[in-house]
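The form predicted alone is given below as one chain in structure tokens.
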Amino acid sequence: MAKKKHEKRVSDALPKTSENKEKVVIYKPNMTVLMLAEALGKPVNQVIMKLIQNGIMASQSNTVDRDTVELIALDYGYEVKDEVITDITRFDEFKIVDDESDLEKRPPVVTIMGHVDHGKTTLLDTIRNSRVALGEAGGITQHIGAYQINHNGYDITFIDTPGHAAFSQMRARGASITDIVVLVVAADDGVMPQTEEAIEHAKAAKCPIIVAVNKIDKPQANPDRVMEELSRYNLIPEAWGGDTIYVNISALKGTGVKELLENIELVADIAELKANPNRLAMGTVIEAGLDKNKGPYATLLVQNGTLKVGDCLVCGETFGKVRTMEDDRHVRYQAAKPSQALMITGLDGVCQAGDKFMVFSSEQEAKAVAEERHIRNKSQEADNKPKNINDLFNAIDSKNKELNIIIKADAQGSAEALKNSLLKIEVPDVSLNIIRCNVGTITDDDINLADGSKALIIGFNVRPMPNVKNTANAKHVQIRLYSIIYDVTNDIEAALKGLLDPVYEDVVSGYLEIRELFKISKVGTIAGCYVTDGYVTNTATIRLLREGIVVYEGKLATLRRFKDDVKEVKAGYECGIRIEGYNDIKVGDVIEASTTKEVKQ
């Protein structure tokens, strides 16, 4: 009975489906042309022809947005309705629609990002300590990953993430929790690599950015240089005719912090952030762990409704009853409203950062939902991995039709040329978004950004190291490697049009580390190697990597164990190799061995 009541309560906030099911097409996210044809009861070829007549090139596996579904359905006399999710185990997919009259203004949720030594931590501490100066009781005794301040009667919630990787990983799990990003840049240092990363993460999350130019009290400070450098990233200051707010501050002395908080309030007011506090709470897990005294705990950010002590809830695959709620100063609360973040106890296990949570009417119901979600997630784990590039394109948001791409290249000229070539590709209803384009090998941070943005990584004359490749596989991030620009543009354009032909790709078999060099007259340079991963064969294609950059690609002339020629050497063994027609090798270089096979996309 409790389950039915809960389903009714959720469905009341969602659109109702039409009773005339014979002439209604139910639109679902990521709906393909084949699914549309089945819903219409028409041959898929006939629907494809309808699409072509309307100027839309698509195959049966391509996704179609809602406007396109309505266009085709109308031709057949059908009405289009959105799918209504009533399965309470899928609460993280619910799109709650509240009456405008029930919505109230909520505080903004702010994340501070920037280079490691530019004053981010100092600024966070200065803002956090400002509560004591404003007359609030208590001191800072605990870190729970989030805290709320009151500035001139205006509440602001700050999320203290441990780094860009965590920010990206939370978004990868569907946790869109940040309303505003404050980018901290030191006035005496300027834009640094982690500054670029912060900009990329913030833009990928589509968050407004406020730039805090820190350390203006230093003699060598040059705020104008910071504005000039950031303008290259399209963060144009308002003073120069742009729309990015810049605030000069000294986090150490507190100078400009008040002005920064006022600008956060201004951006939040423009965004008109609202939520309904008079409903069962929903939100996101910011941090979670296990305390030897308290047991499992989690820091929850309430995004809708009000969370109360005694509420039964599900966090990801765990359930429990809220036993205690407290902030970072150990102050206990009985209720938490939207945009408030508190640490709770009472869960039956440790959930994960980024998990969604929802309150249910009883502990039995919460337990049943958590168990069902656990079973379903385990069964779907193997199906979530994109198996080829078409799967990635089919996973694109059918409403936005935007493919995110990360470019890593061996040289700046190559990176810019590739970026410009990709941006020239024009396919109706689909856009390309280059969220990162720089030089160097593919790193774990690239994988985290791609994971959070559902992006495709393109490596041009660079190769990921084995540990990075393992991370990509674990997160189901797709990496495509190229050495010719035209191959990149042709593949992406063909895939966007649903016409990707079978291609040949390299399958990496192993890695060798060069540890000694022997120069022999009339023969060349022999490299003493150790196979660190996989295996190498005497017919393998090899790439010579120097700090992750491909410096040569070719074949092996010889593969030996001691004095004997061999066909294969496995991981854990030493060998001697000579590269056909190439001798410029160094100790510390890495050799990637691969074979070629045909892969159907």
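Computed from a prediction, not measured in an experiment: that's the story for all the values here. One-based numbering along the sequence shown.
This protein has a second form, the form predicted in complex with a small molecule, left out of what is shown; the following refers to that one.
Worksheet item: in the predicted bound form, does residue 405 have a heavy atom within 4.5 Å of the small molecule?
Response: No, residue 405 is distant from the partner.
Worksheet item: Does the 4.5 Å heavy atom contact test between residue 290 and the small molecule in the predicted bound form come out positive?
Response: No, residue 290 stays farther than 4.5 Å from the small molecule in the predicted bound form.
Worksheet entry | 4.5 Å heavy atom contact, residue 251 to the small molecule in the predicted bound form | Contact check for residue 251: yes, within 4.5 Å of the small molecule in the predicted bound form.
Worksheet item: So in the predicted bound form, does residue 218 come within 4.5 Å of the small molecule, heavy atom to heavy atom?
Response: Residue 218: contacts the small molecule in the predicted bound form.
Worksheet item: Non-hydrogen atoms within 4.5 angstroms of the small molecule in the predicted bound form: do 115, 120 and 214 all have one?
Response: Yes, because 115, 120 and 214 each have a heavy atom that approaches the small molecule to within 4.5 Å in the predicted bound form.
Worksheet item: Just one stretch in 299-307, 407-415, 332-340, 243-251 has heavy atoms within 4.5 Å of the small molecule in the predicted bound form, so which one is it?
Response: Comparing against the small molecule in the predicted bound form, the contact stretch is 243-251.
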